[in-house]
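The chain below stands alone and is given in structure tokens; this is the form predicted on its own.
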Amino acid sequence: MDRLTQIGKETRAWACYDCGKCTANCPIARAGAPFSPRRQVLSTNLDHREAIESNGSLGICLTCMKCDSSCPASVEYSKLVQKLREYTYREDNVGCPHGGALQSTMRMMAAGKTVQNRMDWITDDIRITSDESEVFYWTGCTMYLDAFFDELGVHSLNGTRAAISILNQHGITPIVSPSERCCGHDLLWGGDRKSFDLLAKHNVELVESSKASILVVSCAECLRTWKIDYAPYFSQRPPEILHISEFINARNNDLSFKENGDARIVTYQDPCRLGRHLEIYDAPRSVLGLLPGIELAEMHQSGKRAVCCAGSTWTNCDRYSKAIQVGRLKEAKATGASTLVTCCPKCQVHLKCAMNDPNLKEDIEIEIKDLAELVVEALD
């Protein structure tokens, strides 16, 4: 069986009804791009590798699973795109916004020959350890995002510090390791399986050797990687892997909130990796419900219908992505909320980037915060 036929079987591409629901629900197609998920399905089923490589649409797909969730034949379009990117991967032909600097940083971490300084962001008001603890806290690449996108006002490390502070409030001093490397999410979804394998093996060994029984993750993409893509790499039973919102909900009796919090309306952005990829919709909303003074106003498209931040895996950034981001910000503003809350650092990057448009600033400008930041602000 040739590889394309195998990919078609693994992703149920053969079952496509050719009904067009995938295209009708695709954010990129709805933004006006000449793109259809069915094109990849047809090329796969017809064994047309040249068409897959030449039509230029592999890098456009957001892999947000909007098409998967609407498909009556259960075709796994996002998985298909990931496998096709791996099948056709060549490092010199992948579109890389920001000059490929982010992918280069990830590959340097995968090679393991570069010494990282990952701990300078630790402040005196939070407690961590490098020895033993019940909880290993996974920081992800927030320190790199803050460095790369400082001019956009990105401060994703605030959410990282807040999450550790919440663990401290639970009486936990978590392990935070200076040896942590990028989870490899973007490399995997960009087709670079070799570099992803190196990162996965290193990170899984790091967490397994810590003997922590719980792994807490704040980033939606890191969480998806740990829960799904790292599963084959564990040599023993993996720790319990929880999003920070799930951890808070499980132990909310350990937290004491102010009796009268600052009244404000917030809206919530469902990251596609946390939502459609992992089906985690209720936990973040339950946490918001714990906070005094906070009123959640849902966007028209929320939960399973939510539109992603259109950033994908740094494979594409164009006017269609910008149109999706602007539309999402206008939808958030229309709720009357003063703050847009999310659980994904990349959502912050892409939505804040869109807000830098001076012609649209008043129409789309809104405060963006990580969920953990709101929790810390509400603590007594």
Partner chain sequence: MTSEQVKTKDAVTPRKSKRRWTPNIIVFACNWCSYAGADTAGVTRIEHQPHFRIIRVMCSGRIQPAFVLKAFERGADGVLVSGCHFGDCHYIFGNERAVEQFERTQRMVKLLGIEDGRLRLEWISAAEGARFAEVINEFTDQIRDLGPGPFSSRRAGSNNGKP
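This is a predicted model, so every value here is computed, not measured. Numbering follows the first chain given and starts at 1.
As for the form predicted in complex with the partner chain, it is not shown, yet the points below apply to it.
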- Task: May I ask whether 203, 233 and 238 each come within 4.5 Å of the partner chain in the predicted complex, counting any non-hydrogen atom?
- Result: no
- Query: Using a 4.5 Å cut on heavy atoms, which of 250, 265, 290, 147 is close to the partner chain in the predicted complex?
  - Reply: 147
- Task: Taking 4.5 Å between heavy atoms as the contact cutoff, choose which of 73, 111, 297, 228 touches the partner chain in the predicted complex.
- Result: 111
- Using 4.5 Å between non-hydrogen atoms, is residue 171 touching the partner chain in the predicted complex? no
- Query: Can any non-hydrogen atom of residue 124 be found within 4.5 angstroms of the partner chain in the predicted complex?
  - Reply: no
- Heavy atom to heavy atom, is residue 177 within 4.5 Å of the partner chain in the predicted complex? no
- Taking the shortest heavy atom distance, is residue 120 within 4.5 Å of the partner chain in the predicted complex? yes
- Message: Partner absent here, but in the predicted complex, which of 217 to 225, 111 to 119, 132 to 140, 272 to 280 has residues with a heavy atom within 4.5 Å of the partner chain?
- Response: 111 to 119
